[in-house]
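For reference, the chain that follows is the form predicted on its own, supplied as C-alpha cells.
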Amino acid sequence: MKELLGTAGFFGTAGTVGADLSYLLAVVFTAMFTTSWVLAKKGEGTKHHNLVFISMVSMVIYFTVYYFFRQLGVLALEGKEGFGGPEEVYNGVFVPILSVHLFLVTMGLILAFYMVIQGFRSSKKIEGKYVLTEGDLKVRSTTFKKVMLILLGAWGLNQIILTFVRHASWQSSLAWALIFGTIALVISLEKAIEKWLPDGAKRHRVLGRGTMVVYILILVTSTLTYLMLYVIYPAKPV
C-alpha cells in the first residue's frame, strides 16, 4: 500500500497517488459537509444527520489510514516531503501553512465527533424524523470527570505504544499530544459553552456554522499545501 501511494499521481502534477488522493478526499469531504449544512438550513434534519454521520465515519477512517502511511504530516515538518523551493519559503511560508492545516484537521475531526454527539443530545426523533428541541442541555459533573479520566488514560496508552512499540519520533508524539490536548480543551470548553449557549438547539446551530468555517479553511490550506508541494515548488529530480 505504501508503495502504491508513492507512485505517480492522477492529476498530472508532481504529486503522488497518496497526495492526489488526499487532496481529492479533502474536496469530497468538504462538499459532503457543505451539503449536510444546506440540508440543515432547509429543515431536512434526518437527511442532515445521516449525511454528517456518513461523512464523519469516512473522514475518521481516511485520516486513520493517513496517519499510518503519512504520519500526520510529520514527514513534511521534518523536511522529507519533497519540497523543492527555497529554504526561506519552506520555513516562512510552507511550514506555517502546513501547521495551520494540521491544526484545522485535528479540530475538524474533533468537531465532527462533538457535533454528531451534540446533535443526538439536542434532538428527538419524532415520527421517524430528527428534530432539534429547545431547552437547556448540560453535562453532569460526574460524566465530565469520567470522560477526562478516560481521555488521560487513552493518551498515556498511546504514548506507551508510540515510544516502546512503534519507536516513533518526538514529532509524532508531539502531534498526538496536541490531538489529545485539543480534545481535552474542547471538552473543557463545553462547560463554558453551556453557560454561553444553554439552549441545546441554538448551540448546535451556532457551532454548526463555526464547524463549516473550519472545514472550508481545511480545504483552503490543503489546496495551498498541495500547490506548493506539487505545482509551484515540486522536488527536483535526483
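Residue numbers here begin at 1 and follow the sequence given. Values in this document were obtained by computation on a predicted structure and should not be read as measured data.
Just so it is clear, the following notes concern the form predicted together with ligand HEM, a form of the same protein that is not shown.
Contact here is defined as any heavy atom lying within 4.5 Å of ligand HEM in the predicted bound form, and by that definition not a single one of H101, L104 and A175 is a contact residue. Only one segment in the set 138 to 146, 87 to 95, 113 to 121, 153 to 161 has residues whose heavy atoms sit within 4.5 Å of ligand HEM in the predicted bound form; it is 113 to 121. Of the residues given (F180, F29, F63, W37), W37 alone sits with a heavy atom within 4.5 Å of ligand HEM in the predicted bound form. In the predicted bound form, ligand HEM lies farther than 4.5 Å from every heavy atom of A168. With a 4.5 Å cutoff on heavy atoms, F83 does not count as touching ligand HEM in the predicted bound form; it lies far away. Within 4.5 Å of some heavy atom of ligand HEM in the predicted bound form lies at least one heavy atom of G208.
In the predicted bound form, at least one heavy atom of K41 sits within 4.5 Å of a heavy atom of ligand HEM. Residues of 121 to 135 placing a heavy atom within 4.5 Å of ligand HEM in the predicted bound form, in sequence order: S123, Y130, V131, L132.
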